[in-house]
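The form predicted on its own is given below as one chain in structure tokens.
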Amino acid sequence: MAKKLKIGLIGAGGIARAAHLPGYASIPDLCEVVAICDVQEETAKTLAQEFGIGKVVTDYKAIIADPEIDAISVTTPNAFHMQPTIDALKAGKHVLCEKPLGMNAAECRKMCRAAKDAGKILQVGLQLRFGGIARFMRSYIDAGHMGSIYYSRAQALRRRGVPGWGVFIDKKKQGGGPLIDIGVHILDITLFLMDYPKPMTASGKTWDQLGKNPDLFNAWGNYDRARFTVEDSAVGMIKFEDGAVVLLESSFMGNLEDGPLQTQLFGTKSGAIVKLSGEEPIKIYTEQDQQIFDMIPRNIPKVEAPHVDEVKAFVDAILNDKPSPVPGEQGLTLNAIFDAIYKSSETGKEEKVDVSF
């Protein structure tokens, strides 16, 4: 492999422009984006001109067949993650695939198998764990200060925040609503801080009446309520092999305080409320010598752009033969949990979470 990686991009939408392309552009001595693909040719041409990309195509197979290209970013809508990822892996390319890894666990299993068979890196685009907040908490936990985390409450809640663009309201192209779109982020951070225990079962409930109501205001732009086929709110309880439990709550629309994107961790030595933004994002609750302490860290690492660090980690893993910074297996775990919650909402029963592949 050439010392300077050659990168291909499949999908020229907002996540490509705002996240992946700036990430690769930040390390021009290590990599170069040489080709971009989108079914909307003009959209791809615009990005190619903006970022100095030489090759524009409308069929992703042309990028995958290019022997010059070492790695691929898949930045398409969710429904089009699986096949380009599998084809790229089979062609010997490393892949950074946006979150969620697939529409469901069945797709993720095929992607994970393809990565294993090819011996190539499959990384899931979950950038928040590269931020300073997650890094601080990971180091605090690794130092043993939390003890064993046995329960967490993860929340990704919006008051009136249905995305009025793209395919976010279309279940056939997106796979689900807030559970799979923003719940994926807070659940990943929570499980990342818990060392990704193996899930066993999940139960939950979803609702869609607010998202379909044409009389309600939506701060994120208007959309056709008749085309709203995803849930607007979801809750789930997940049980893990080690005895831990996570309560997950997510919503695009809810009559509640706007904006909680946070997880609350309960450990045997201390607990913490971890918010993914704000001036005081972390509060730690602990005890020493029978004295109760509430602590606010003041030296949380500054990370300007977690998306950029995510891409840097991908490139570093390829060049230095490191394991995937966010393994495909963890993307499978998230999708398998969502599958179980969606199924539980239909059956009214606790459902098995299958992470095998």
Ligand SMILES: NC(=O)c1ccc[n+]([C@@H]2O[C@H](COP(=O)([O-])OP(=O)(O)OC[C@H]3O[C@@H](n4cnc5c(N)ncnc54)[C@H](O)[C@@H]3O)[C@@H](O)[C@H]2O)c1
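Keep in mind that what you see is a predicted model, and the values were worked out from it rather than measured. Just count from 1 along the sequence shown to find any residue number.
Form predicted in complex with the ligand: not shown, discussed below.
Answer with one of T206, N218, T76, Q155: the residue that has a non-hydrogen atom within 4.5 Å of the ligand in the predicted complex. It is T76.
Just give me the single entry in S233, Q127, T190, S270 that has a non-hydrogen atom within 4.5 angstroms of the ligand in the predicted complex. Looking at the other structure, the residue within range turns out to be Q127.
Quick one: find which of 112-120, 95-103, 130-138, 245-253 has residues within 4.5 Å of the ligand in the predicted complex by heavy atom distance. The contacting stretch is 95-103.
Could you confirm whether I15 comes within 4.5 Å of the ligand in the predicted complex, counting heavy atoms only? Contact with the ligand, yes.
Mark T43 yes when one of its heavy atoms lies within 4.5 Å of a heavy atom of the ligand in the predicted complex, and no otherwise. T43: yes, in contact with the ligand in the predicted complex.
Residue-level contact is defined here as any heavy atom of the residue lying within 4.5 Å of the ligand in the predicted complex; does F228 satisfy this criterion? Residue-level check for F228: no, no contact with the ligand.
Tell me, yes or no, whether E107 is in contact with the ligand in the predicted complex, where a contact means a heavy atom of each within 4.5 Å. Result no; E107 lies far from the ligand in the predicted complex.
Heavy atom contacts to the ligand in the predicted complex at 4.5 Å, residues of 156-170 in sequence order: The stretch 156-170, when checked against the ligand in the predicted complex, contributes W165, G166, F168 at the 4.5 Å heavy-atom cut-off.
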